[in-house]
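Single chain ahead, written as structure tokens, the form predicted on its own.
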């Protein structure tokens, strides 16, 4: 069994909104870069499957060469191999096409896991597009994966609860965050060992001209107002509050 987990290096997603700054329509380069949170959930699930089924586990990323040092964390968490496709495109179709080529070159991949969405663009498009390109089944919002007698049993989070699914063959799953796949903290020994691990790098392709173009990227303006209500008469205060909430269409 061979499992591939997709991981993306993104700017620090915990930067307070008041301190966030754009340069050339992207997060300022001064921000620390890290593996996306949902991607780490996918890595953790991949490691659990590897440990349970003695599977091979490859971590794959599309991005810059400088991302390698950050991606080594995935090896410290339990990944066996790291593949980086070098490229700078933000087009999900270009990214998916490059990942497809790399996965096909690996050969014998049974399952592809990805975070449910990236921590920078928040689109969640690439896994679905990749599944279509590979001709594989695609299931989003997955919270649990098991393999029994050659069949994949999957739990999918829905608006009303969980849906249990089953399929045979190759699949692409986008993983959501649940307590069972909280990313493990790598041991110090594993971190040092990961630094010595060789990394396979590939040159990415820009692909055809995108059907869409980016017009602008802006930071939303956050405005807030504060209104104090008299508290001498609590009944009057409650009625005033109710009236104001209705006027502002909160109720």
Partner chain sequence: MGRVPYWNISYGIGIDLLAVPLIIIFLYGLYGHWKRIKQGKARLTFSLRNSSLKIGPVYIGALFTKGILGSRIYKKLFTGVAHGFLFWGMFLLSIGTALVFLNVLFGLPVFKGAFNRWFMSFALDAGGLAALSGTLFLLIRRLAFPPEGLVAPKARPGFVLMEVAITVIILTGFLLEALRIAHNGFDEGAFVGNWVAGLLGGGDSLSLHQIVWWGHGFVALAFIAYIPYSPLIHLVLAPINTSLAIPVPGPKMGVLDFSAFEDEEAEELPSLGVCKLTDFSRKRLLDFSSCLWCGRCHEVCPAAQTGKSLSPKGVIVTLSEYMNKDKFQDDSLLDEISANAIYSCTTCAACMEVCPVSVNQPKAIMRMRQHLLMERSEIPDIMGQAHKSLEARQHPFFGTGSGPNDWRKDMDIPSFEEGKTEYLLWIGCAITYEERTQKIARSMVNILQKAGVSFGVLEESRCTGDPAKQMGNEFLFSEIAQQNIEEFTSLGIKKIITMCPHCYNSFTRHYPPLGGLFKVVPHSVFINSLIKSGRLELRNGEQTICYHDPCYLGRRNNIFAEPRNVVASLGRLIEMPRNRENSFCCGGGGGNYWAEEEGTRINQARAKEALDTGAVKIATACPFCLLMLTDGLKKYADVEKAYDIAELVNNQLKDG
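The term rigid core refers to the most C-alpha atoms you can superpose between the two forms while keeping them within 1.5 Å. Residue numbers count along the first chain shown, from 1. All of these numbers come straight from a predicted model, not from anything done at the bench.
What comes next is about the form predicted in complex with its partner chain, which is not displayed.
- Using a 4.5 Å heavy atom cutoff, 13, 183 and 187 all lie near its partner chain in the predicted complex.
- Put simply, of 68, 55, 34, 27 only one has a heavy atom within 4.5 Å of its partner chain in the predicted complex, and it is 34.
- When contacts are judged by a 4.5 Å heavy atom cut-off, residue 227 does not count as touching its partner chain in the predicted complex.
- Using a 4.5 angstroms limit between non-hydrogen atoms, residue 195 touches its partner chain in the predicted complex.
- Put simply, residue 40 is close to its partner chain in the predicted complex: some heavy atom of it is within 4.5 Å.
- With a 4.5 Å cutoff on heavy atoms, residue 191 counts as touching its partner chain in the predicted complex.
- Screening 195 to 203, 59 to 67, 212 to 220, 44 to 52 for residues having heavy atoms within 4.5 Å of its partner chain in the predicted complex returns a single hit, 195 to 203.
- Remark: with the core as the superposition reference, the CA shift of residue 231 between the shown form and the other one reaches 2 Å or more.
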